[in-house]
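Next up: just one chain, as structure tokens, the form predicted on its own.
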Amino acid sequence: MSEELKNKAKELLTNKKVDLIIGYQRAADGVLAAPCFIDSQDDAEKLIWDSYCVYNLASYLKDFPAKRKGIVVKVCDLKSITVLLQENQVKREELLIIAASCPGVIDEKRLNPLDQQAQEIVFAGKCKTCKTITPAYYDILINEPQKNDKLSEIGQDEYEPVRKLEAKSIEERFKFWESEFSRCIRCYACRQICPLCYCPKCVAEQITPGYFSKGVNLEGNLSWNITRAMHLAGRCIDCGECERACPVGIPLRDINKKIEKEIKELFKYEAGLSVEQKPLLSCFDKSDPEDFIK
């Protein structure tokens, strides 16, 4: 697949179909993958595609306004782009979507750094419940014809961690999140890596009025993490980048998946499925439940 991707990238750049291609290259350690930005056919040789292509590249789209961009995407990355298109943050005419069938991506935190051959791949949690390996729409498809091993993982309950938390009492749940968020160091890595955190001025940096403490304390940490989770309600597509980037290992996917589950059950809505679909919080349906506002 990497060779097919390289050849297609050279063709696109040579024919001036795009100004640059956002993709992946091998990292300096020779094992992991890192984002790269290709604007010449010679540099297209750097491009790779495998299970180490973890990053959600949609985060970089805003850095190249008014340029025709080719972007290599997995299924979850494309969902991010769909939400960005819905919210008018990127223009479809400036995008050339290069979809690649996804082999599943590694859990970097469980990768043995001493295993330079990286034979033992542990898939990220999001991949174990992923329902498809090929993005729903694209301009170009880079496809792996043989059976994908990730398919054997499909069928797991994507809300299993959420259901375990739901089985606890309200007091137990609150104590759990107090314990988790007490470890937050307010580095904002979750915000910086999220493709859907694009506000010009984040509420966390607003001083007048100041909505919550900027200090590293439990009260401020709770306010920050819950505010961010609610900001992503109906928008988060479970790319898992926030949890991967968190340096202290807070299970941020769990709180996002809880909100995702509630929205599915209440409004029959799933983020990132279609550009034609209106964003959840910008539409109204007479059949929407009202119990939650009584």
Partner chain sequence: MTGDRSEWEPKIVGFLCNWCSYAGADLAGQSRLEYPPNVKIIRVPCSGRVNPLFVLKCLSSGVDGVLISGCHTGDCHYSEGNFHARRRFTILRKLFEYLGIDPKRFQMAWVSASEADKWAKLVKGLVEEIRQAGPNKLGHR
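Numbering follows the first chain given and starts at 1. Keep in mind that what you see is a predicted model, and the values were worked out from it rather than measured.
The discussion below concerns the form predicted in complex with its partner chain, not included here.
Note on contacts: among Ile48, Leu61, Ala229, Val54, the single residue with a heavy atom within 4.5 Å of its partner chain in the predicted bound form is Ala229.
Note on contacts: among Val122, Ala136, Leu141, Val203, the single residue with a heavy atom within 4.5 Å of its partner chain in the predicted bound form is Val203. Partner contacts here mean any heavy atom within 4.5 Å of its partner chain in the predicted bound form, and among 92-100, 67-75, 123-131, 213-221 they occur only in 213-221.
Using a 4.5 angstroms limit between non-hydrogen atoms, Arg183 is distant from its partner chain in the predicted bound form.
The closest heavy atom approach of Asn15 to its partner chain in the predicted bound form falls outside 4.5 Å. Among heavy atoms of Ala44, none comes within 4.5 Å of its partner chain in the predicted bound form. Contact between Leu280 and its partner chain in the predicted bound form is found at the 4.5 Å heavy atom cutoff.
Taking its partner chain as it sits in the predicted bound form, the stretch 15-51 never comes within 4.5 angstroms of it through any non-hydrogen atom.
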